[in-house]
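One chain comes next, on its own, written out as structure tokens in the form predicted on its own.
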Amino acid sequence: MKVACMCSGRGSNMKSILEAKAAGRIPGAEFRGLICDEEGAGALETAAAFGLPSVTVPFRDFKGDRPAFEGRVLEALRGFGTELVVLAGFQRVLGKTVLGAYPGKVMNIHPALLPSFPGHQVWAKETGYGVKIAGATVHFVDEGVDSGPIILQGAVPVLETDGPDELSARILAVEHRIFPVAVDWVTSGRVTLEGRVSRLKGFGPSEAQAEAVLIWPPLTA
């Protein structure tokens, strides 16, 4: 499957995915290029290091004209022959222009256990709300904000000493582990959609596994 990544910042999630590809862990993906909406973003250097072509479409150049911006993004995606779009730290909400061209073929990662805490400033919300378990979610993108079908999630405990920075670092490590796995599942054809629910072929936890619940804080504390 031909894949294009989209990034706005340093591209650490894209790097974890490209490293997994180089290690043979995503055999079903052919990475064709990067689209970046910020000039000088670190993701551009990361792409170059992996020999990945890139196109920069600076959002500021379109002076708030989102349809024109998305039209240029769509042109770049088609130029790469894209079949799957991976948003790896892309900080714009995509609309009908791109999502209509790639229904069920746009993936994103969010630093929370959706449907809790969509949107921005997630780590401050999580620590401010006092949640005990946090994590990351890979999901398909729809026209809502972080509301598409969930593909894969990873969880971490929230420590009493955590502030937003400490929690974000722990969640980012989870993102780097689960995003390449989810891309492999999708590009190998193992993920199917039933309405808003994604299903993974050949996988189903046993009752014994379902009892292996992470409780935090520990009941013996």
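Residue numbers run from 1 along the displayed sequence. This one's a predicted model, so the numbers in the text were calculated from it and none came from an experiment.
Beyond the structure shown, there is the form predicted in complex with a small molecule, which is absent from this document and is the topic of what follows.
Student: Quick check for you: of 125-133, 147-155, 86-94, 69-77, which stretch puts a non-hydrogen atom within 4.5 Å of the small molecule in the model of the complex?
Tutor: After filtering at 4.5 Å, what remains is 86-94.
Student: Give a yes or no for R25: in the model of the complex, does one of its heavy atoms lie within 4.5 Å of a heavy atom belonging to the small molecule?
Tutor: Taking the distances in the model of the complex, the answer for R25 is no, it never comes within 4.5 Å of the small molecule.
Student: Is D37 one of the residues lying within 4.5 Å of the small molecule in the model of the complex, judged by heavy atom distances?
Tutor: Close contact is absent here: in the model of the complex, D37 is far from the small molecule, nothing within 4.5 Å, heavy atoms only.
Student: Are any of the heavy atoms in I109 no more than 4.5 Å from a heavy atom of the small molecule in the model of the complex?
Tutor: Output for I109 is yes: heavy atoms within 4.5 Å of the small molecule.
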